[in-house]
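One chain comes next, on its own, written as structure tokens: the form predicted on its own.
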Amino acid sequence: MAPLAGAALSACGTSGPGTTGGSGGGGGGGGKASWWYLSGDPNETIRKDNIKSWNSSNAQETIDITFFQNDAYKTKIKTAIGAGQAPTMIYGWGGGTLASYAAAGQVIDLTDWLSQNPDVKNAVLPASYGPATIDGKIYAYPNENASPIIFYYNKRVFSKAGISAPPKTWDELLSLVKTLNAAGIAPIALAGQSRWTSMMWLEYLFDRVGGPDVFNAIFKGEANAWSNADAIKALTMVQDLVKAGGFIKGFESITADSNADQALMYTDKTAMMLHGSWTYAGMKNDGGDFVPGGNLGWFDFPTVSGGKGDPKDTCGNPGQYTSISSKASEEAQKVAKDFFAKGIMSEEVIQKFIDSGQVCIAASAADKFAASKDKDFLEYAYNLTKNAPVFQQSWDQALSPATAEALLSNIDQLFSLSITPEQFATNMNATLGK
């Protein structure tokens, strides 16, 4: 499995779960199939309409879709798969979690089927297959959108604080934090309770300080890899940012599932936010005139003086991933494959993703960006993905589920200043190779 290139975290927000579609569920039966998906618009509505249209045109192959909030889904799906009660189609992020499913024989190998259906395989960008590929075999179909992590800023707030341009270096970022705090403006929105949002800071800082080899050593399970000097420096830098008042007060109780961090941006409560490219669509959908009015800006993650990483490196997710449960009936598996071939990335779905401001990974999508109202952002995010020498997959998806949970727990303590960078490294070293 490739440690680089990623899987997607999706926008979330409504109170799930909710279901729409035909009948039946579970592992799929009676020739019909089921799909578990994440709540939160615009994607929740896109998929509701997608399934409604599919069921209307495919009466013998109807699909049920059930929506869950992001964090709740991660727990629910593991329990269901472990109990042999997974939905037919399993939404996921590839990487370490998918590898654990594949090792346990819980998802089917799609390699031969995709080879026999090259039009389906080639309908999405080749680079998106990395996190779906385990030991040379493909266990999930990439779909939807590339999701690099973007550094956003609020142009209205910057203007109010007398700031003329976003920071290009870490030192400039720390200087802006002082300026914004002096002006009584919270510098950075962070949904710290969700923990994976804090993780994105470490992903970028590890790369900017030490380059991709620091995390690659962790991924390989090399002894004491978390204690690398560059890792300790990156961990220290993020605590320095916390101590400097970089994040809005009370960030530890803010959740990404409620999109509260995004709301802080479009209501002018904060000046900046590091988050996935999918939040552009969320802020466009929920923020009134904020995005259409040209008040949202974005910039590359700052460079670090003396850092070893290429400033063009990025992190996040090159697509979303849908697997088929090995416990599903043959009929349900056929429905899922037919949906992969004709429904999951239909032209209608592709256009809706683009219209919502998302970087669709369909091979045909790039030609459609120019006509989009979101052309500037889409092309920035697309080029950020396309030109990145290294696209680091989200750590909580690249690593095994057990290690990822330990990681998120320790990140929570790191950001709350409950443990030192050295203690963080010691705790995580104990998980290497697990």
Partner chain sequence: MSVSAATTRAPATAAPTSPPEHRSVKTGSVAWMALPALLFFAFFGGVPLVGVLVLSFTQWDGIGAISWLGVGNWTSVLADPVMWKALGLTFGIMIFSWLVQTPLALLLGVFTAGTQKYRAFLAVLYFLPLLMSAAAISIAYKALLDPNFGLAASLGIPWLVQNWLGSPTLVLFVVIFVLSWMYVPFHSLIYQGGVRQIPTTMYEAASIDGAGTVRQFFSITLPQLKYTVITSSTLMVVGSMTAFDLIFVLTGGGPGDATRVLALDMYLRGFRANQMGPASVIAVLIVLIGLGLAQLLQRLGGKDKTSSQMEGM
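Definition used throughout: the rigid core is the maximal C-alpha set that superposes within 1.5 Å between two forms. For clarity, every value in this text was computed on a predicted model and none was experimentally measured. Positions refer to the first chain, counted from 1.
If you look for the form predicted in complex with its partner chain, you will not find it shown, but the lines that follow are about it.
- None of the heavy atoms of residue 351 is located within 4.5 Å of its partner chain in the predicted complex.
- Contact between residue 387 and its partner chain in the predicted complex is not found at the 4.5 Å heavy atom cutoff.
- In the predicted complex, at least one heavy atom of residue 254 sits within 4.5 Å of a heavy atom of its partner chain.
- For residue 218, no non-hydrogen atom is located within 4.5 Å of its partner chain in the predicted complex, even though that partner is not displayed.
- When its partner chain is considered in the predicted complex, only one residue from 364, 115, 267, 159 comes within 4.5 Å through any heavy atom, namely 267.
- A heavy atom within 4.5 Å of its partner chain in the predicted complex is found for one listed residue only; from 174, 263, 341, 123, this is 263.
- By the 4.5 Å heavy atom rule, the three marked residues 214, 228 and 421 all fail to count as contacting its partner chain in the predicted complex.
- Comment: 245 to 253 is the region of 245 to 253, 130 to 138, 159 to 167, 304 to 312 lying near its partner chain in the predicted complex, near meaning a non-hydrogen atom within 4.5 Å.
- Taking its partner chain as it sits in the predicted complex, the stretch 352 to 367 never comes within 4.5 angstroms of it through any non-hydrogen atom.
- Once the rigid core is used as the reference frame, the Cα position of residue 85 differs between the shown form and the other one by 2 Å or more.
- Once you line up the core between the shown form and the other one, the Cα of residue 208 stays within less than 2 Å of where it was.
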